[in-house]
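So here's one chain in two forms, each on its own in structure tokens, numbered structure 1 and structure 2.
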Structure 1
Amino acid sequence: MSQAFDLKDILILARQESQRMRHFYLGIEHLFIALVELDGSITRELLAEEGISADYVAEAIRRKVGKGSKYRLWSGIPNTPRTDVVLGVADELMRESQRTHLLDRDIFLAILDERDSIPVRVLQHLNVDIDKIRAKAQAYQNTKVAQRAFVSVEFSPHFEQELDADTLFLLRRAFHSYDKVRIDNRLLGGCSGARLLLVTPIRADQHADASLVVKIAPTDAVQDETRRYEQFVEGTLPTLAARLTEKPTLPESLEIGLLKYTLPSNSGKLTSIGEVIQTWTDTQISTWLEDSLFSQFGTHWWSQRRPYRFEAWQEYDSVLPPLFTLDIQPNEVLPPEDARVLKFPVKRSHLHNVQHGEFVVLENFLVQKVDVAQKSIALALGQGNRENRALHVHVRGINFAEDMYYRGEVVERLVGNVWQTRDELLQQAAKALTPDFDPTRRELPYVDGRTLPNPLTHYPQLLDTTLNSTLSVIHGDLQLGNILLNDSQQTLLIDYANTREGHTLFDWATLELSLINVWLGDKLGETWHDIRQVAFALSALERSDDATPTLAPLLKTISSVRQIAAKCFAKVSNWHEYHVALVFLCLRAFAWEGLSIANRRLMLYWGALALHHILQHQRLEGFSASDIADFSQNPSLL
């Protein structure tokens, strides 16, 4: 027995379809796909009677119409002229049946009556007799809109947080066919700021279905992740892996959306690896890294290793804070003649010494993120690869009522004053950690009166160095929080928001930092003195001394990660590229407010140690001789 749906249900699905296809208009193809995708709709049932599955017909329409381009040429999602005609016909059909609201059957009949659209042509190609199916649809008498039951949201005793109204609404919409959903746990997740929840949907007969992980993030981030999943992840996953099998839930009225990571069946209880890894022995950890993580996902990901020569900024500029934040100027303001103009291709030297208040003109930057609440947008220039653009610039003070910006759109020209530079932002982050030293100096104080090079002042030169390295598909955020274990100790990865082709070592350097931060967690002493001692003890890794006993398991774990990283080097035992990755990822962690103060302090020192290693082994342009001096051989030099 079919069920009737009202116009709102159909439009929501149709608009989502249009966005996924990058069409950004509402056409008959989107309406028709929505009609066949509604579970229990008359369209779906009548096609099934003809022996045609909903997925097949939707795929056939998509194939015939083709995907749109990545650029949006207009705002909003306008109706096509044909859609207006069809909705008009549907409206007449509704009046004829003396109803006041449109149902899915009216739209289905109207599309069949119009006769000329691509979906009808596809049906004809599939040998559907249009007159016959129309007569059948006409004969259906069910006009009652199904009352959708209210999905209740329960919380397990472990879950102590509260969820806001929007999140609850999203969960109800995403699990609308269930009786209730139980929120089991909140997962750590990576550094994207998205929320990850472990939930169990429960059917009307109180039978609990398999648990799954949902991610709640801003709408455009959800769409972007779906695209990355289709491009890089789908088809490269081992049999046991978390997949995005369902389409994302993206209600029109909200600025957040929901993704479901479906887990292999019978996963049982899920644990985040961060919670258990400290209870393992070092042999267990190295076996897990080698046999489970690396060998399971490596074949299609890190083992690709195509030769790749790049300048550090191409891969790592995007992990640092924005190059600068601009206060937008109205369109009619003319910048002075000597204003800094940034357009493709940007000379790197052109970016040095940007001053507070200076006029900057941006040309042909791509919109990466729109934040209506903060009145700001994030832009990047079309360099680096598509997934990981360099030259991030934030623009604030935007009046969205006058000027709307869309993710993926190219902004031809935008003028603003520099409000904050990257250096200012990093220095501000340093000040927030109440340093007992001057963070603007070239050196940081270290143990026994020695010093380490300061990453906060050295990173610009490091961005310009060239690396001989390799390119692979990478996860892009391989934090412990994104790795789950099921009952049978199988490894599952989630969160593909940063998956891309990139520097192979990126993931392993990320994992190393995540291990250090999770492991030390609240065990770290707060004072700078304590931090320096811990950094010194951890640097035993490179000194081959005997480690401090309490840190020995962590050190062994880090060296297991590094053993795997070493397999991914372009050249045997060339640690340079790994340390470059570490310096930038440490700076990201250092500036990240989600991390504790002690951990952020340690990240600065861990980055300094990596930088020290780089300087010892390679002379860099722009570094002074004292930077390169090896303090451990001759501490009196400094």
Structure 2
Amino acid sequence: MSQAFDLKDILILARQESQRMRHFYLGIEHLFIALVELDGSITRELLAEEGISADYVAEAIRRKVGKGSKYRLWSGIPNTPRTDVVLGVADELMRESQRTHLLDRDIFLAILDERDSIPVRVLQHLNVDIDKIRAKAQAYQNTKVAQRAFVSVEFSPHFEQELDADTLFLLRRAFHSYDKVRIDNRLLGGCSGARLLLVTPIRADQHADASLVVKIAPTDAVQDETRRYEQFVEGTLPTLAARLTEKPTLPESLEIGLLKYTLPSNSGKLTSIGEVIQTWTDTQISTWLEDSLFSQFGTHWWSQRRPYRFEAWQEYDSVLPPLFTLDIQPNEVLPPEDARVLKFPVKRSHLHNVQHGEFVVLENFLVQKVDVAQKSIALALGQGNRENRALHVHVRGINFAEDMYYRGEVVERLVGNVWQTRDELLQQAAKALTPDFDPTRRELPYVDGRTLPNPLTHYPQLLDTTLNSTLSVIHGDLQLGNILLNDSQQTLLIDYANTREGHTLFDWATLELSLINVWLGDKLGETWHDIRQVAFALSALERSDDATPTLAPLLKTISSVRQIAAKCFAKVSNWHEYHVALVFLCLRAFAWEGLSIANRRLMLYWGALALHHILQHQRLEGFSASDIADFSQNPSLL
């Protein structure tokens, strides 16, 4: 439902926006942001119809404009000359409509007519057709939107989960032209926490159209994924990749949105590869990996393999918990003289040993995420294309009524005291698994009285290691749940939320861990003794003795993944870079509550075995001779 707003409502919000951005003038950008912040405004409605969140547009405008100085040089909030022109045009539109008061639609149309403002340039960058949206606005009636026919949502017999009211509303909005939709299955998905549903839309004549994959995620994530699809997938991947052929569904009233992944018309019945892979022989799996997955998608992604020298933290810090979480202090609170000051560009040595309760001053770091509901922001201690995902910290206790923050902003200065550190979070995750050992020690108990290096205590040194590797476009979450199979045994990829340029081996290490967790499933015993025995049996992959018969198919499958990974090395037999990826991805998996306790315990040990391999065979920067010597006494361990 859309409603009209008069000039007074708009100017109040616009001036508040100007003050929070420290501009102290009234520009077109402030007027436009006021239009998108008015709940039920025509601007929000029309942007939603274009598949664009109004809040996402406002954030993009703020990034483009940037914040002003803290120091105010004049009183009041005067209009800019261009604002006066736009308000004048809006006044003319009002008179043409034979009204005596100016409405939000008049200002929206006037901004579009002006054409050269930052808001219009942002809309064009987001692929909005200005002429088309202007025509819609001109014809739009500020009355209740015509009611759509009720869309029934049905569930297949084996779909046992319930869907919340917001999800049902989204589905009905997205499929409003159909009589009903059938929810066939919930796909496994990856680590993002988004929901993936296999949906069949059904027409009024009860004809079922082709099934498609629906993804439901927070609004910002939906918009970001659309941008990633346009940059890395559209026009590059073969026809068997899932396609975003429709605009996102982003109802103004919800904080979640919906993406429709349409699949080739001849796809037939779709199944997650994770559901069928255990019925295959290891030969079938090997053939599928090589001849379907890698050969089909590798040309435009993994086979690019450009030389890439990087420090491990640049690619893998982002999979770990935040370095620390700060409780923000008011601006008037002065930090103590011995407070830790972190400035961009930051030296990583300054990040070590941050302690609980310590005062920290952050200067010139990038806002990654804004969570108004949780009164928090996430910052990245780096500003490059890849580094801005890394070295992330959380700041909580933000007063958004007084302080404006937006994604992409470089924050001049924040002061807070450390509420929680990364080590504390990882140790909490370890204690949740009720270990029969001390997780703070440098060794983990293994089999026959032997030990493994504990990745929970060694990972900081590993982050500092330098790798000579390759760079490609990667999927970013190559879990089995994001790979589908059709009736013709063709492979289809979905979910591009994390697609980017990155370390080529990231995808293959992710796939290895997904294969282990799905293949073992509930076959794992939960005791730590059981887990150590399974880990030892799996380590036959790198030992000369024969594998345990029950695990032999899984080991052959892992070996097939690694044969493909080896094709992506910068140098022949460069296995340490693959094991570096495994260590960090295991640390992510071991803390992921979506996995069973047994699988999480195994991930800790699989990461420990990968770390042992590194210390056995490579002298990496950041590790001392004593570090390596501690674990060089058992050459037959792997």
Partner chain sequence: MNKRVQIMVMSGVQDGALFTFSQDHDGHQSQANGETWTITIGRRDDNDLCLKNDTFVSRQHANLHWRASRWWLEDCNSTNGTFSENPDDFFNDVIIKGIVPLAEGQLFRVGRTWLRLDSQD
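Predicted model only: the values in this text are computed from it and were never measured. Just so we're on the same page, residue numbers count up from 1 along structure 1's sequence. What we label the rigid core is the largest C-alpha set whose atoms superpose within 1.5 Å from one form to the other.
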>> Of these two forms of the chain, identify the one that is the form predicted together with the partner chain.
In response: 1
> With both forms fit on the core, has T451 moved 2 Å or more by CA between the two structures?
Replying inline: no
> Aligning on the rigid core, do we see the C-alpha of H475 shift 2 angstroms or more between the two structures?
Replying inline: no
>> Using the rigid core as the reference frame, would you say E59 shifts its C-alpha by 2 Å or more between the two structures?
In response: yes
> Once the two forms are fitted on their rigid core, how many angstrom does the CA of V122 move between the two structures?
Replying inline: 17.9
